[in-house]
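As structure tokens, the next two blocks hold two forms of the same chain, structure 1 and structure 2.
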Structure 1
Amino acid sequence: MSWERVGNVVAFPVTPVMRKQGCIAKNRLAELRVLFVDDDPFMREITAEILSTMGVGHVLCASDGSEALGLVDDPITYPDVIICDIAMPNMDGIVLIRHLANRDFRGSMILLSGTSDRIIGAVADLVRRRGMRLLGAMVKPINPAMLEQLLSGSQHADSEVDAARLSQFNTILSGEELRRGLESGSVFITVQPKISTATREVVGAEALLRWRDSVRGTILPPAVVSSAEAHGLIDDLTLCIFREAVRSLAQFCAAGHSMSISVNLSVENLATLDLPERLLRIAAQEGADPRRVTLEVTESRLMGNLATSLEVLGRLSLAGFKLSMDDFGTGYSTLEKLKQLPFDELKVDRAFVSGATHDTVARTILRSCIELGHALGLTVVAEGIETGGDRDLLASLGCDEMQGYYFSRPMLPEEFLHWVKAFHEQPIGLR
């Protein structure tokens, strides 16, 4: 097999001959771009062979974190998955993780190390706390079967990676760009289903912001939201998303589906005292029942003026909207906020779901979150369900609802009803 070397960075292309011989399976792995980071040249060469043989479409290698960042910073070589050794000279894996988080890396990571399980576990937790997607961790030497199993889960992040490639260098929108986009239809939503753990039926969906225009292309939601907050346009953005969401809800209900829809609020929205009236007016215009709308507020940002937030959230609750504390467990003064604010739903952050099937500590925290929510009379929703094991564990722990790529990635509202029909036609045991 031939490769191209630039310094210590090695790129192993997949040749037409290899494809013809059947060495590369015609599946999702063939579309992946995987970056392997390790200071051992023998490990780089052997791992590249393993990845190419199992069907990975394009393999990149780097000898340390600095070289890896050079590939991440180039949209042409932006990886879908980074397999990273923890212990390396120069820039080690832990420092690389910090730099990737600062770049808002939207691909996935697999950790690799010859160190103790305790260190690997701590670094895995660091990846999650940095807001990045961890597929798993392995102890050297590499187990090809395990590696292939981990990589098979990376397909769920493809849409975010594609968006990151398009937008990572252009994530700051001006006020004028935001206004023009809001007027011209740059904002639209996708929806991700929420599944009842007890009945395995679709009981709702979360509306997710998407932004695309002819000038900037696709821009990741966090960049749009932060720009809107910075330019004082977050209310306009939220109301636009809310209108799209309740319009879709009305269509779902008209088609005979009794379900709800969730919409994210920025904490900045909670400073708008007439927000309840605005949302009620839009819901009425679109023919949607506010009692079927859940408004999600991120727990980690519920700081600042809690008096104003309490007033607005209280009036939203009186208006019939359900309130959800999103990303539960990732912020501060959590129990105090649950006591002060009128939430109906507690949404457990994916960080406590991922890996809980084989991590005793994560499973204990997950169980405690569910028990706490139920003790307070709240509906408990878990996000980040990616495997059948996650689903079964949450069912055994009594979680009320589940959401994640195991069931479906976000889709356009017009695709949702077709998906629901097909999902419900499956035997319950397969859902």
Structure 2
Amino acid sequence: MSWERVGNVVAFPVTPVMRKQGCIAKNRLAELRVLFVDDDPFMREITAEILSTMGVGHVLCASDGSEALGLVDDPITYPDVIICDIAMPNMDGIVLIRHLANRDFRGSMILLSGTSDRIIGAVADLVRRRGMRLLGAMVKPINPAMLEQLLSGSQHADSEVDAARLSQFNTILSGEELRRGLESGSVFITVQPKISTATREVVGAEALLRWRDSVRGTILPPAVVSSAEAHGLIDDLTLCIFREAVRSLAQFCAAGHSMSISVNLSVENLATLDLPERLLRIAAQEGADPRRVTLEVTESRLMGNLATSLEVLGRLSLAGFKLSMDDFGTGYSTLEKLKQLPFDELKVDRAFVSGATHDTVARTILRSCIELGHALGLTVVAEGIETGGDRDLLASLGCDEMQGYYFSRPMLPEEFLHWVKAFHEQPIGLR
């Protein structure tokens, strides 16, 4: 077998002969780009052989975390799945996981350990807590059948990986592009319904920003938000999204629905002392009631200047807005912040939701988050409901509201009311 060597990183092309060895039917695997990270050259060679024989289209190898990050940072080699040994010299698997989370890695991970499955359990927990998708974990030696089964689970992550590739590498917007885009209507919102667990009715929606670009297509939020933060335009972006969101809310309410709308804030918005007044003014102009607006702030980013954030959040709360701690569980000093800040809602990160039906650790975390939220008098929302099993589990755990692809992907506001009508026409048992 031949392969290409780039420094210490080896990329194994899959030859037609390998495909003929019983692996042709696996179109899915043929499209996958899998990165195997292990310091042992023998393991790398064997595993690359196994993956290739299985029909994986693009197999990349790296001998430690730094090399792996080099591949993640390159759009040509950005992997769909990383199979990672935990113990490695230089940068080990645990540090690699932190760096991947900082890069908002949207692919999936499989963990490998040469020793016991206790450490592997702890690291698996860490991957989920960092908000990444874990396909599974294995103690060496690699069992090819099990590996193939785990890889087949990466399927539903595809669109996200494509989006991440796009947003990470092709769409960093310049200040000029942002300014022009904000004026010319390149920014728009999609809305994703939130469902009450008790009544199975739609109680609101989350507004998620999109950027329409004539050359690059639709750009997803992280690239737009980080560009706006970098160019000092995050307040303009947030106010623009907020206006669209409350305008939609006013329309939903005018059509007779008792709904709320959630809008994501950047932590940087919380440094703007007159944010409450500005949001109130826009809500009034659009005819929306602030008490029907929930402002979501991502927990992991609530660090920095907590005093200023506290002042602004406190005044937003006094103004009648509801406050939600988004992506709960992915941050560091969660409990302390929950105590300090005037939140109304806790939104459990989808890392704990996906997989909780078959993973006892994720389920335990999920249950504790819900209990904690309720003990603090908060509404608990679970995001990332992808299956009927997720829905049933969350209902049995007493979660108040649910949101996720199982109910609907984000849609344009003008489609929303039709969707709500069709949803409510279904028998309750099916919702």
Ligand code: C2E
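Reference numbering: structure 1, starting with residue 1. Since this is a predicted model, take the numbers as computed values, not measurements. Between two forms, the rigid core is the largest collection of C-alphas that superpose within 1.5 Å.
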property: Structure, 1 versus 2, that is the form predicted together with this ligand; result: 2
property: Threshold 2 Å Cα movement between structure 1 and structure 2 at L100, rigid core reference; result: yes
property: Core fit, then S52 C-alpha moves 2 Å or more between structure 1 and structure 2; result: yes
property: Exceeds or equals 2 Å, Cα of R130 between structure 1 and structure 2, core fit; result: yes
property: Once the two forms are fitted on their core, CA shift of K140 between structure 1 and structure 2 in Å; result: 13.1
property: Per-residue Cα shift, M109, between structure 1 and structure 2 [Å; core superposed]; result: 7.7
